[in-house]
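The data below hold one chain only, encoded as structure tokens and taken in the form predicted on its own.
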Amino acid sequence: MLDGTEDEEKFLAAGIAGLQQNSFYMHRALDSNNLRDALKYSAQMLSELRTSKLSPHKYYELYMRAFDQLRKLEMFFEEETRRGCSIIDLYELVQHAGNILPRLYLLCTVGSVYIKSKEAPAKDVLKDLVEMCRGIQHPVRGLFLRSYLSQVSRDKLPDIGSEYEGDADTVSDAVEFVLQNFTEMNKLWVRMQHQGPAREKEKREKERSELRDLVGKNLHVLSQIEGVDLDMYKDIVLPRVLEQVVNCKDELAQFYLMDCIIQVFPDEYHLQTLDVLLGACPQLQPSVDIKTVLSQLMERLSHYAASSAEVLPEFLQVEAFAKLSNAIGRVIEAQPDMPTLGVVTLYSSLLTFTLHVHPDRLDYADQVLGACVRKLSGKGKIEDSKATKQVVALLSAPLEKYNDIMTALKLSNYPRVLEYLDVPTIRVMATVIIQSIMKNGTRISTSDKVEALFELIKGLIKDSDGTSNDKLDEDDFKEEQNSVARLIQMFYNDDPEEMLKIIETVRKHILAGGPKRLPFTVPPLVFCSLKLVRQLQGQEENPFGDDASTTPKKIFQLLNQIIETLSGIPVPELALQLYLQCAEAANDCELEPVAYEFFTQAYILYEEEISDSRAQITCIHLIIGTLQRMHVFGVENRDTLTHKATGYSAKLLKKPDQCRAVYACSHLFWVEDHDNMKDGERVLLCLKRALRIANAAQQMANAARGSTGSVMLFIEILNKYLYFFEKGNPQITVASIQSLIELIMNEMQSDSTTSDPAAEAFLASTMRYVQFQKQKGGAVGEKYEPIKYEPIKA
């Protein structure tokens, strides 16, 4: 291969050298106005283009050098005609060149001057030139010769408004000239494919690709002719071009020329000639990438429709959607071996076109999806990754256009297309749907819509066909389930009956999702239900005893069942938190038995399921905090629950944790704004018990490590004393506070106590608060005045 490249470089160098040498003599003849020598050396110069030893790329380099010299020769011919030389004689004189290729280049050059002189109609000269060029049938040489003819004639066509416009129907002559040149060039271009050994097929295809613009420029010239109106395009130009495209039966030529037609001619022409253009598509070779051709056509028409609302009636008038849809069907039928990627790409482009041109016609969009389903039927799951991406694009298009999942839910064929995706892609598509809902803040307001939506996103809410999530990345799984949780929060209806139906629909689907998903999906469902409870809060029972009515009690029964499903996972901490949330909601609804039942369930979980010490600490503080806010319980029930809570507190593993939980329990016996829930003695008992535990912790530390450790617990208890003292608990006296302060001071000054800067800062801050209260004066100042504090001297 390297030797061939080196030889080609040598042939090119020799050609350029010969061309430069003869152009030198040609210029010398031009300078001396020696016409005969000028023609002689120009013919010899152009003979270098007769070579067959160069690739199209190298031949182009040689051609461009000759082209530059021909422009100078043309200027010389123009000067000769101004000096009195007959252009007709010159036109005949150049035809005496010995070789046909130089003769035709010279003839085209003189022909350009001949047309400019207007001594003969432009159409006659052009017709003569295009016919004469038939003399070169070598593909590469012929293509470059006709390209030169196209180049020198493009500004001399007898077009409307052109200085070369004749009296008769000259636009037809201009069109005929370009079409004829195009036809001959295409034949030469196609012929290249069939010359040479079969093993060099790929090389020839590459060379042909390099030359395609020479052929395509003719179509560009056609599109620039002012006289080519819609009627002429419809009756003459398009049929002739398509005839050549179809008849050439060459894959590369058909694809490129169809693309050229779509790109160079105006959009309104395409719209008015859809029948003709689309009719050619099934006639193309099966190997032609027709999906790209039609996709580009639909893309152009979509942009045309988006450019102005005034053109939309034209689309309706020509029934563009029906024609495109039928054409796609015919193309797929004509190519039974068309890969899935091609089928999906075509329908994806058609759907995009439909959404741009007919956004109000959901039935059209559904027809497209239905047609796609029919073509995919029997093929099973799509395995091609590119085809899969196209399906995702197809399904994403309605979401992006309408920004409303409700619209997509109206498309009956939408979920049927989803079925052809593999499991990972179904999950991706479900995530896209949820993101669309969240981005647009769409509220899903009926159980039917929730049912339809869950059918679309079932890839996230349950395992498909026995597959599991074991292979799925844990972080990806969590992200997916969190997105489902966010989605559940978007379900809402003001009508309690309908909202309850929505909750029951969600419950049915998430319970089918397996235990691994429940910790993510149960909490949002519980909070949706609690939101409905708040909505119904204070509502009286139906006086007629209608069991179908939605009441808080019925919802709480449902909530109990929902939370129970977490017991088999197990996630006891989560279940306990949800029970406490429900208990608080039942408290606000004045439903004491319901609230007590939820607390009972929470206590059972704490006793039987939660053994981790850290989890126990968190849960006991949650229990205390929730119980403190409960006001619905009678004395007996409250005593039972508070007794249990204080008992749990005292049984924690570590003494400091015991201490903190016990002094937190003191708040259970003193609740502001509820006089019947203020028991100063039991508050003091809790605080004294906390002090005993703190003291025991100090002794244990001393026994184990030889130092009593920090006094932080005592300072924390002091803050509780001050809190209840300020709130007016008569059992918390100045004497008890003063005694505790002195205890803390003694401990801090003890040699066995470990220095703790944090504790010292906390105590200083606490005492600054006492000082601040003293400075307030009045009753508050008098109350705090007896409390004395002597800072430790360094």
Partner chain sequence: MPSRRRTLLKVIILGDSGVGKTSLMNQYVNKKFSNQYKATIGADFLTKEVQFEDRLFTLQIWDTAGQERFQSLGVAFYRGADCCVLVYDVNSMKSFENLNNWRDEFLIQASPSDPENFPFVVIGNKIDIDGGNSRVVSEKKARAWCASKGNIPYFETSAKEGVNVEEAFQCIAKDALKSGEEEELYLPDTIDVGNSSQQRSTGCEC
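Under this definition, the rigid core comprises the largest set of C-alpha atoms superposing within 1.5 Å between the forms. Residue numbers count along the first chain shown, from 1. Predicted model only: the values in this text are computed from it and were never measured.
The form predicted together with the partner chain exists for this protein as well; it is not shown, and the discussion that follows is about that form.
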query	finding
Residue contact check: R427 to the partner chain in the predicted complex, 4.5 Å heavy atom	no
Partner contact for S209 in the predicted complex: the partner chain, 4.5 angstroms, heavy atom	yes
Distance check, I737 to the partner chain in the predicted complex, heavy atom within 4.5 Å	no
Partner contact for P572 in the predicted complex: the partner chain, 4.5 angstroms, heavy atom	no
In the predicted complex, the residue from D679, D422, D259, E455 that sits within 4.5 Å of the partner chain by heavy atoms	D259
The single option of P519, P121, G513, P266 touching the partner chain in the predicted complex, heavy atom within 4.5 Å	P266
Which of 721 to 729, 761 to 769, 27 to 35, 742 to 750 sits within 4.5 Å of the partner chain in the predicted complex, heavy atom basis	27 to 35
The partner chain in the predicted complex: contacted by all of K655, L684 and R692, heavy atom 4.5 Å	no
Residues from 289 to 310 in contact with the partner chain (non-hydrogen atom within 4.5 Å) in the predicted complex	Q296, R300
A779 C-alpha moves between this form and the one not shown by 2 Å or more, core aligned	no
C-alpha of E80 off by 2 Å or more between this form and the one not shown on rigid core	yes
Threshold 2 Å Cα movement between this form and the one not shown at N729, rigid core reference	no
